[in-house]
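Take a look at this single chain in structure tokens; it is the form predicted alone.
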């Protein structure tokens, strides 16, 4: 749950994120840290929310440049369900709804020339940040065993990691197709976790240190950082962030550094180019309000978006992709949806004619403003401070 909430210019943004967020933090911890039941209870307690768990959206129906229906299928039963609405929000991460509707999108890294970004590569390529398959072991009172697996990757003392939990940097798939190869990437992540653990338990020169360690959980859903980015009326770039090029339609502030991940070169070499460890490079920024024009599609008239599929360059994605920041985007587009319903306006018209109404709602905020702000455990890399931060 990285990044900050309750920042200027709209300090009430983040109250709802705070209401459903965990009290404790950190990657690869015991499961009680994550309080998933808190999020589910919050949704179930809202009378005007209809929840459809385990449905996968795989088709849309269009009328010109507007979505009229989204068709989804239950992954357990196969049942299909059609959802009709005047307005839709793509918070899928992969930009699935926008892609199915024919919206323009970007993927991979843009060339330096494209947006004049100093951190971008000279030539465009397909490198993306990867998927983390995290894992956690616990110390027990008794010794435990683990199978000496024969189907794992070839391992050695030099290749092994004598650790008891896999953090964010246990990351793979960079340079692969983050949409069509997701399952392969996740499975490779699982393979290296079990290969390493089997070696530690059965062959490592200091295996006695792991005698009382037992795997408690291994994530079967990978933590994906990047795939498609839908194009809005504005594309946020590195120069906007580092140069404080503030826009008149700023909304939820992004506060993490520009945090870009790359394959660890030594790990990649040891595993024939299939790295499963990453490094991160950080660029300091001041908190930056994300333009509303980045939160709706330029092509699909009634499509909002929030999360890591918004309209940003690859470099700018490094800061906006954090969970608290994405949560605040969700608050903003929810407010925009209410204005759209009240004034019969598409998202672009909210920017053009009704942004003052959105500003009013962002200043008021939603959620409980009286809860303790529990963000201190994860303030965000090495953020450049300003006096307006709480």
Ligand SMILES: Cc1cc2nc3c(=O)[nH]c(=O)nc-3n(C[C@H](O)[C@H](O)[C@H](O)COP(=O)(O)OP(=O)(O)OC[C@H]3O[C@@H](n4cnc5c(N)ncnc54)[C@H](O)[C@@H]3O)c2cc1C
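For clarity, every value in this text was computed on a predicted model and none was experimentally measured. Residue numbers count along the first chain shown, from 1.
Heads up, the form predicted together with the ligand isn't pictured, but that's what we're talking about next.
Taking the partner from elsewhere, residue 27 is found to have a heavy atom lying within 4.5 Å of the ligand in the predicted bound form. None of the heavy atoms of residue 68 is located within 4.5 Å of the ligand in the predicted bound form. Residue contact with the ligand in the predicted bound form: residue 314 places no heavy atom within 4.5 Å of it. Taking the partner from elsewhere, residue 55 is found to have a heavy atom lying within 4.5 Å of the ligand in the predicted bound form. Across the proposed site, 174, 196 and 270 without exception lack any heavy atom within 4.5 Å of the ligand in the predicted bound form. Just one listed stretch, out of 354 to 362, 56 to 64, 340 to 348, 37 to 45, contacts the ligand in the predicted bound form at the 4.5 Å heavy atom level, and that stretch is 56 to 64. Residue-level contacts in the predicted bound form: of 293, 165, 225, 201, one residue has a heavy atom within 4.5 Å of the ligand, and it is 225. When you look in the predicted bound form, the only residue of 93, 102, 121, 86 with a non-hydrogen atom within 4.5 Å of the ligand is 93. Counting a residue when any of its non-hydrogen atoms is within 4.5 Å of the ligand in the predicted bound form, the hits in 297 to 315 run 306, 307, 308.
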